[in-house]
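What follows is one chain in structure tokens, specifically the form predicted alone.
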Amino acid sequence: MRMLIVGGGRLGQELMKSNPRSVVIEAKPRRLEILREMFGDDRVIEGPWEEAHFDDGRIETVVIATHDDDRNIEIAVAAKERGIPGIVVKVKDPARIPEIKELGIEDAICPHQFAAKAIRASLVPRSKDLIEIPIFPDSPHIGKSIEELGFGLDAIIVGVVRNGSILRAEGLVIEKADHLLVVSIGGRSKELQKTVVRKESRLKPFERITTLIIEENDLNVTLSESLYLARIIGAEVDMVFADPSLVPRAEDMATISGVTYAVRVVGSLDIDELPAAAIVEGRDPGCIALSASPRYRERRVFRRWRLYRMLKEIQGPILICKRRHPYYNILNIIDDHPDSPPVTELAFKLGFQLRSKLRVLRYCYLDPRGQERLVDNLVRLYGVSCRTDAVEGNPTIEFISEITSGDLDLTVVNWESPSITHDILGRTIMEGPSSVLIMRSPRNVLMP
């Protein structure tokens, strides 16, 4: 769905984050600058709004969210006259909502009304919701009876999803990979999630993202993607700069995203100096993020590139950013290499936290049935939507076919994988549309 948003305030920014096919119109210069840093020039239109903006026949929905109610209604009427099927209007004055509905526009919202309803719901909790809470292998609740896991009078476990079946909760003992079905009153979902899924549960793939910002374009690509990922998984961002003039804009972006961050300025970020720049003595850099710049391609053969030598030297995870976030679709290939199963589980962890779909290619000679069971267990454990296929021919052909489809946002690969040669990985990094997360010897994995 292609969405046009008129007004790049807080509401417009949140909608832009949630819909990668949305574009925004904004007139204020300072806000325009921030929007372009967050979403790129191709998704930001300099305003003010004009009727010609509706000439794009691909627009299916218009969200009108400026600070002027009269202007919002005027734009909504113009959108209706153009026959745009989906129109949503934001107004500050709730008394204007009946007027908008009389114009034949049903979706009119007032944020103040929503806030008031949320406050009333908190003061007088009556709403009910059903949540599904997974039991991970390091959970302290494994081996306990359902009755021992009490949530108080306003929440109750009504069932357990186990091996694809829903069981009655009474009398069951909790096992790893169970999913508890809990009904709560008063919006206690987040609190209950924290009660069962402990903070020390090793779900976070890395605690920190060290982001290498070499030039201005890295703000829109590397930093934007790093902040998205860090915000979702709860990681810190360590921003490393070659150009100190980029620091203020980067700090604005990090502040808006709400991510904890640190700033370092180094003298140079030449490709040969990146490993040293990314690492601070006594501090784990976590995942190192950088863009797939054409300047890294020196020769035709990837194993002769300086980028290859850098990737080989750094032992932790490396994120090659293409600005494909949000990560709706993640690709992984699992094969006979001993590091392959934990890398696949890391892909499932990301899928669980990012609410992504997974595509897993299984390539195995030694124990194909065991590999299939492993993927099935991960699907049950993390509750992630996953499409998996066994590769019987050349895995490189299947891998390249998936990469070039354009449907992927992130590819998670094992650096040591025998199925994907480093030259193919080089093509994926430099030519493939998806971002690439390169893993080797993952630590703290939770195999079912």
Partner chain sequence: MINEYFILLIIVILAFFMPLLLQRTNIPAVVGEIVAGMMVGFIFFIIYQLTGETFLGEYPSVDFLAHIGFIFLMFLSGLELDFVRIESQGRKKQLRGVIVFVMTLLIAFPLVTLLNNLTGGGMETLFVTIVLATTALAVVLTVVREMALNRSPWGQELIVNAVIADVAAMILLTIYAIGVDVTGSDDILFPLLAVSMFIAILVFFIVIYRLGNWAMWYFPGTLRRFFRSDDPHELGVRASLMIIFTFVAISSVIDSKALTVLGAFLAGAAISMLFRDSLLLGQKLNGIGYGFLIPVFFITIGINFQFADVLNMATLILLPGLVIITAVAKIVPFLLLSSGCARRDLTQGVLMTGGLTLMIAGAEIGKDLGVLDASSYGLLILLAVVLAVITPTLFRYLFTRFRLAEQEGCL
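Residue numbers count along the first chain shown, from 1. Because the structure is a prediction, the values reported are computed rather than measured.
Another form exists, predicted together with the partner chain; not displayed. Remarks below refer to it.
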Does the partner chain come within 4.5 Å of a heavy atom in each of L366, P395 and E398 in the predicted complex? yes
Is there a non-hydrogen atom of S385 within 4.5 angstroms of a non-hydrogen atom of the partner chain in the predicted complex? no
Do T428 and the partner chain share at least one heavy atom pair within 4.5 Å in the predicted complex? yes
4.5 Å heavy atom contact, H422 and the partner chain in the predicted complex: yes
4.5 Å heavy atom contact, D284 to the partner chain in the predicted complex: no
Please identify the residue among V379, I403, V63, L35 with any heavy atom within 4.5 Å of the partner chain in the predicted complex. I403
The unique member of D407, E416, E50, D68 whose heavy atoms fall within 4.5 Å of the partner chain in the predicted complex: E416
Would you mind picking out the stretch of 103-111, 217-225, 357-365, 242-250 that comes within 4.5 angstroms of the partner chain in the predicted complex, counting non-hydrogen atoms? 357-365
What residues, if any, in 221-241 have a non-hydrogen atom within 4.5 angstroms of the partner chain in the predicted complex? none
